[in-house]
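Shown next as structure tokens: one chain only, the form predicted on its own.
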């Protein structure tokens, strides 16, 4: 039975899970909880992001569509709680919480990998329909420097991308996603 998202119990268990998973050697697989934990810390410590996002208010959710070919059998929702240059948290969250974000950007794993590798600009991707936005596009456009900095931070991270996994690693990925879904509802 999954813990209830939004409770102290869920948050404490999630933070403990990430800390335990971060004991494994790096690099981490992109979009894994341990990778998200590193991303969160990198954003929290980034002076350029703080300056670029000083007027930003609201949550941003990266909705990653299922990609069974790389071991992600169900959609993932990465919820980023961003407020005036602060990154208060980044979490994989249940679908209901993800869809309730102020801004939800949806894309295939292929599109998110293009963004991560700086092959696709996030705002241009939304304007071209390669990424789908739920939320106010003009607000996102006004925060283009902050959005770009978030991508720069990802691009600088030492990551293993799902499309780089061997068949054995894909099965390993599936093996850790199932317990996460059961425990955290993600």
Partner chain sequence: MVTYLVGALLVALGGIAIVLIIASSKAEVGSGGTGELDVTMAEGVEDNGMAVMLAEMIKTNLTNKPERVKDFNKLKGTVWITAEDADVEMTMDFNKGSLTVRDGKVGKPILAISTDSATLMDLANIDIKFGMPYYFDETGMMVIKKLLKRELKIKGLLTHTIALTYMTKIMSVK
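From a predicted model like this one, the values you see are computed outputs, not experimental measurements. Residue numbers count along the first chain shown, from 1.
The same protein has a further form, the form predicted together with the partner chain, not shown here; the description that follows concerns it.
- Residue heavy atoms within 4.5 Å of the partner chain in the predicted bound form occur in exactly one stretch of 64 to 72, 37 to 45, 135 to 143, 157 to 165, and that stretch is 135 to 143.
- Using a 4.5 angstroms threshold between heavy atoms, residue 54 stays clear of the partner chain in the predicted bound form.
- By the criterion of a heavy atom within 4.5 Å, residue 29 is excluded from the residues contacting the partner chain in the predicted bound form.
- Although the partner is absent here, residue 123 is a contact residue: one of its heavy atoms lies within 4.5 angstroms of the partner chain in the predicted bound form.
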